[in-house]
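The chain below stands alone and is given in structure tokens; this is the form predicted on its own.
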């Protein structure tokens, strides 16, 4: 059994936390881009695009994230392409995030009064122009709180990437526990670090939501 002091364990966990944060940021940013594209498709009133988007959302919302990680990690390899745990985790989390963000943002867009759509149509604006200049600026105010709140789920979702060998906070905790046989200390620190990452975002989301409710 290797001898690790408290500070050795903590420093190793903090190093792994950097990868949790990086993976979360990449998944959230890329998922937001994909989600915005899907939002335009979902609200376009073009049957084929709506049909595709519905199936996409149902698949990624209706199946476990763990299964999606397995599909990207093992499934792509069946076609002769080598996929690293980092790439598989990034792809799976990006598509998973995009499905949820699309639905969050669709709800915010549909919360905008129909009169706004009718008024922008009377100005002969195209669908893209309506969304860009009229609808999205208003919907974005509503979307901030739930979007920030969902980022907590993205951070916690990165823990599943440890199953396919990606070394982030949870995987590092497992490795340190196997080396030190001090599960209570190791996993208490892991839980504390996750709390420090997630609580400020949850608090911020509630604060934003409260301000918007007062503004209304």
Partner chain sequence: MSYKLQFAELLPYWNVLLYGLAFTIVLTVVSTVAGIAVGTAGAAARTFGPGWLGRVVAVYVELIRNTPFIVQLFFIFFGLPALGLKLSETTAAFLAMVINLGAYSTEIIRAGIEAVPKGHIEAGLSLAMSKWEVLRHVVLNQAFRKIYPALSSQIIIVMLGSAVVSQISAEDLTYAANFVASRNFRNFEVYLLAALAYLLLALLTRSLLRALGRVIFKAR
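Residue numbers count along the first chain shown, from 1. As the structure is a prediction and not an experimental result, all values here were calculated from the model.
The protein also exists as the form predicted together with the partner chain; that form is not presented, and the subsequent description refers to it.
Of the candidates 104, 71, 134, 83, 71 is the one whose heavy atoms come within 4.5 Å of the partner chain in the predicted bound form; the others do not. Interface membership of residue 207, defined by any non-hydrogen atom within 4.5 Å of the partner chain in the predicted bound form, is ruled out. Although the partner is absent here, residue 191 sits close enough that one of its heavy atoms falls within 4.5 Å of the partner chain in the predicted bound form.
The shortest heavy atom separation between residue 152 and the partner chain in the predicted bound form is within 4.5 Å.
Looking at residue 40, you'd find every heavy atom of it more than 4.5 angstroms from the partner chain in the predicted bound form. In the predicted bound form, every residue of the candidate spot (58, 66 and 195) has a heavy atom lying within 4.5 Å of the partner chain. Along 128-163, these residues reach a heavy atom to within 4.5 Å of the partner chain in the predicted bound form: 152, 153, 156, 159, 160, 162, 163.
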